[in-house]
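Quick setup: one chain, the form predicted alone, written in structure tokens, and binding and motion questions come after.
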Amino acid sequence: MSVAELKKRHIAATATVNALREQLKQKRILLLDTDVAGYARSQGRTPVSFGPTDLVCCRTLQGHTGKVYSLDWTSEKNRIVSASQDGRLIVWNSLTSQKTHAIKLPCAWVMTCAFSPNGQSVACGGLDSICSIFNLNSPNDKDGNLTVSRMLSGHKGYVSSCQYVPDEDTHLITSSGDQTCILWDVTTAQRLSVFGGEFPSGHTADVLSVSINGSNSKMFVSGSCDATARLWDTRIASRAVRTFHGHEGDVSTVKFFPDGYRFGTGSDDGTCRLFDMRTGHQLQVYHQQHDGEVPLVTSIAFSISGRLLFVGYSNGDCYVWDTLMAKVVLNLGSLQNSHEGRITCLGLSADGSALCTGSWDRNLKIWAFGGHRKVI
């Protein structure tokens, strides 16, 4: 068979696949007779009420000299690790605002950081394509710097995201610009499984974010520049369990819903979406109308009950969405002491009582439920 004939067949096959994909999309639309908010309204439900003093900025963590790109809380809720363009990781005591560690990184271009479940180690990665592990109990070297205890090397592109497997200090999942995710054994620094890459069901562009299911740590979801999210089972690395379509831009952030059956996504198309991982259906779109340029979604986090969705945007806004009613109930960006730049990362403490946000303004801010407002 000649090259010309092969090309002709490839074009025809591609057209068939695209036509089938469009048919599936239309079938899904017909099945979706309502969304979460529509059903909630039909049942007489109303949005959560939020006043300007119900969520207040109680601390500003200052110390980075470059843009903050990533943060993570420990499971015992009182420590935060942040990664910045200044080439440092800083570990903070969230109750006192004191720095307990300032770690100089081998590569200044860091994009992600994460605490181990026991809070004794931190992981980070970036443009060096390596995930570096630091043991916080290790002694400093002669220059006063904490040395790298493990280097997880195997990606062929930048490391965009990393997360420890819940309750397992020895396993970690990374995502990368090489279109793959990797499950690592931290103890041996060996790859256990590679998700995507040469497999046809993998992502077709850079993978930007991962989130591991807190209810079933064998399952994780990834978001990519190919405008999809994909569900993976660590026991079956050869193919994605399901692919989720709907976004019209890079899926920059993903996060599992507290019940473990749903997950949220945030995208450069300015929307967040809620998906059901069992049916593959999109349950809700969270989108605010804007005059002019639509701000990109950079990071998301659910409240401990899942009723609230915290969303950081490229214009410095941080919306608090009512996930049930699909309504914005508060904009932290409009409050006193808010950030003065793009929100790049955010995360909720383990008990759900505080939210931390990081920004290009080089600061982190801790927001706490104030007055008589109970944690939702």
Partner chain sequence: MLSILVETMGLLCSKKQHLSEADAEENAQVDNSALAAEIERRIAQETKAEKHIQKLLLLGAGESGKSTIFKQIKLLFQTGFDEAELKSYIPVIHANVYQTIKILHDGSKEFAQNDENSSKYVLSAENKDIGEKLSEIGGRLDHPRLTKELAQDIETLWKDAAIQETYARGNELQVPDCAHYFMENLQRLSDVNYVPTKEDVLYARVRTTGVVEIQFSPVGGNKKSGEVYRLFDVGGQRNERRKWIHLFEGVTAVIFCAAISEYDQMLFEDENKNRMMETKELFDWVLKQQCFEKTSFMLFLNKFDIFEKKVLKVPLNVCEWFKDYQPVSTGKQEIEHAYEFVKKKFEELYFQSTAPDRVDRVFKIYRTTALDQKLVKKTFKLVDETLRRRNLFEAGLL
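Quick caveat: nothing in here was measured; it's all calculated off a predicted structure. Residue numbers count along the first chain shown, from 1.
Another form exists, predicted together with its partner chain; not displayed. Remarks below refer to it.
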Among E76, M111 and G157, does every residue place a heavy atom within 4.5 Å of its partner chain in the predicted bound form?
yes
Heavy atoms within 4.5 Å of its partner chain in the predicted bound form: which stretch in 274-282, 302-310, 258-266, 129-137 meets that?
129-137
When the contact criterion is heavy atoms within 4.5 Å, does K104 count as touching its partner chain in the predicted bound form?
yes
Any chance T34 has a heavy atom within 4.5 Å of its partner chain in the predicted bound form?
no
Taking heavy atoms only, is H287 within 4.5 angstroms of its partner chain in the predicted bound form?
no
Heavy atom of V122 within 4.5 Å of its partner chain in the predicted bound form:
no
Assert contact residue (its partner chain, in the predicted bound form, non-hydrogen atom within 4.5 Å, options Q98, N216, T147, T243) equals Q98
Could you list the residues in 48-74 that come within 4.5 Å of its partner chain in the predicted bound form, counting only heavy atoms and keeping sequence order?
G63, T65, K67, Y69
